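Next up: a single chain in structure tokens, the form predicted alone.
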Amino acid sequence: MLGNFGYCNPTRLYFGDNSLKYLNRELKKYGPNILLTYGGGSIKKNGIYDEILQALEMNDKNVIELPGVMSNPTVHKLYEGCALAKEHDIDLILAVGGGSVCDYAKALSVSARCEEDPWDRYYIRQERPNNEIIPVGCILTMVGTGSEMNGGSVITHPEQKLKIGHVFGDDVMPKFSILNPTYTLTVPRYQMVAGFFDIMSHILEQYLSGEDDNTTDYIAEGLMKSLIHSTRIAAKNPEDYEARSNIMWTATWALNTLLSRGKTTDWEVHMIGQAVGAVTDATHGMTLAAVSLPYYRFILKDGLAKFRRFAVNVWDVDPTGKSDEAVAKAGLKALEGWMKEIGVVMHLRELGVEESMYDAIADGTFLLKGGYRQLSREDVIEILKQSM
């Protein structure tokens, strides 16, 4: 049975190769003080920065820049942003970059006017915001996280070896997001394919859970088939606009809360992957790739019916004359083949993980109840061993 649920997504999207023109429309809605935040400066090399700055100047905005947002945004970078936002009485945070920059902007939006330590309140205690939230707008330059249309944010505390996400909800979702597929064409290949797997992982976390035959699962299957098709094209020709635009659109729908409606969800792959990232600072999508197959093989018998369906409906595995377990394993084998085809990391050792790190990673892994099997700490360590 499809469960009871509510659904709201207030983010306005502008999609396409001329979508930046709509930035003027959105800027008119906000006050003069704009915090422009971005990553390592690639937007200056490819010309995106100049286009955005021109739009901001045309709208008479006071621009305060906050560059240097890292791929795993840290709590220290969050504190830096809070100080800037307070000093300049920011009216809008404009995030230009990939999911990490968007995540960072949302964390900053709830933290800048928080009277407590935001790390402790929002990430350790997982409390809701009760202070003023600064609006966020996103201009996406890399796809994968879906952060452009959700209220989630992941922040890392390097000293505590913790990487924690908080789903803040509707009020923290970006007010608008601009999705121009051409902006993603210059992303380095490693980051591109990491994003591809991040998208797949988001769908799998919501699909490989629950027993119900519901509309949500059919949507997930369609998104996965589209992603597989387009990523195969993009892996061979990264400048294929049609493939990259379809991937961009799939990424948004993979994690804008739609696929979680009316069913349980898992997210244990993300919990382990984020713990790996907290210890190694490895690229998020690659940490997910390294632990996914060992995790799914570990829980396969607990969710056998859905794993069988995944094999048949997504990978076109022929079930004739095969046991349910054999079909399910064939589906994971097909997933493995696609991962190797697009070129993601397959083992944690490729990310610098050593046996001596197992305890720290296990200690940083949150054990959730939404999947087919709730893991123990010992289970996490066994999955890490199998991921090496």
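Keep in mind it's a predicted model, so treat the numbers as computed, not measured. In this text, residue numbers run from 1 along the sequence as written.
Missing here is the form predicted together with a small molecule; even so, the following discussion is about that form.
Answer option from S109, T231, T145, S292, heavy atom within 4.5 Å of the small molecule in the predicted complex: Answer to the contact question: T145.
Listed range touching the small molecule, judged in the predicted complex by heavy atoms within 4.5 Å, from 92-100, 118-126, 171-179, 216-224: Of the options, only 92-100 has residues within 4.5 Å of the partner.
Proximity of A254 to the small molecule in the predicted complex, heavy atoms at 4.5 Å: Looking in the predicted complex, residue contacts with the small molecule do not include A254, since no heavy atom lies within 4.5 Å.
The small molecule contact at S245 in the predicted complex, heavy atom, 4.5 Å: Close contact is absent here: in the predicted complex, S245 is far from the small molecule, nothing within 4.5 Å, heavy atoms only.
Contact test in the predicted complex: N150 vs the small molecule, heavy atoms, 4.5 Å: Although the small molecule is absent here, N150 would touch it in the predicted complex, with heavy atoms inside 4.5 Å.
Contact flag, N46 vs the small molecule in the predicted complex, heavy atom cut 4.5 Å: Residue-level check for N46: yes, a contact with the small molecule.
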